[in-house]
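This document starts with one chain, in the form predicted alone, laid out as structure tokens.
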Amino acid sequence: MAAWGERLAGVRGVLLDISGVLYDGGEGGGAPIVGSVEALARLKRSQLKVRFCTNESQKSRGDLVGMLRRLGFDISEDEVTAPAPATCLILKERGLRPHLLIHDGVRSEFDQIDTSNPNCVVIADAGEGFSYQNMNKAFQVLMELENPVLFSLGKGRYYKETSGLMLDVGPYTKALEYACGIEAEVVGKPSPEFFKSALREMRVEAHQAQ
């Protein structure tokens, strides 16, 4: 196997996922994946720039970072690229007022966003909030709009917690797309623009990242 230095030749920055890479979520905050705390510490001691690119949409960045630090990870809020704050920037730039179908844990990220008389829908991993009533309300808002706009904070199918596999936001987004005959704008992975925004924040070119 190639030495550490050889494998990273020409690389200036590393993008890391969080859930399923650093830790598995679950009750009590979940648990670090074996070796992940030490691997991140080694990266931080190197000359490489490190940034975390996550689709986490059940926790605010502050809550996510606080939980990770309690698990032993060296991470700060300004190192994290997450879909909720990125979506807020888009909403402000385009003058959009969302109906929010999101988890209560991430609602604080939208505190400065006008949600009156919505002209779009934002859907995230709402967990228990994915009731028929809430899904139908989002559907009704979209159908009442002349030009319906749907933002999805990621489009994953499922993810892993310590208790097992969990449905992610993707299947629910697909349901609204199918019912309304529209295509969601994805803010988060696997959107290329989401990764590009993380690279811009690192000030690293795509060919220099891993």
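None of these values were measured; they are calculated from a predicted model. Residues carry their position along the shown sequence, with the first being 1.
There is another form of this protein, the form predicted in complex with a further copy of the same chain, and it is not shown here; the text below is about that form.
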Segment that reaches a further copy of the same chain in the model of the complex - one of 45-53, 30-38, 139-147, 60-68, heavy atoms within 4.5 Å: 139-147
With the partner omitted here, the residue among Ser131, Ser76, Gln112, Thr115 that in the model of the complex has a heavy atom within 4.5 Å of a further copy of the same chain is Ser131
Going by heavy atom distances of 4.5 angstroms or less, which of Gly127, Pro85, Gly72, Gly105 would be at the interface with a further copy of the same chain in the model of the complex? Gly127
Does a further copy of the same chain come within 4.5 Å of any heavy atom of Phe151 in the model of the complex? no
May I ask you to check whether Pro171 falls inside a 4.5 Å heavy atom distance of a further copy of the same chain in the model of the complex? yes
Would Met135 show up as a contact with a further copy of the same chain in the model of the complex if we use heavy atoms at 4.5 Å? yes
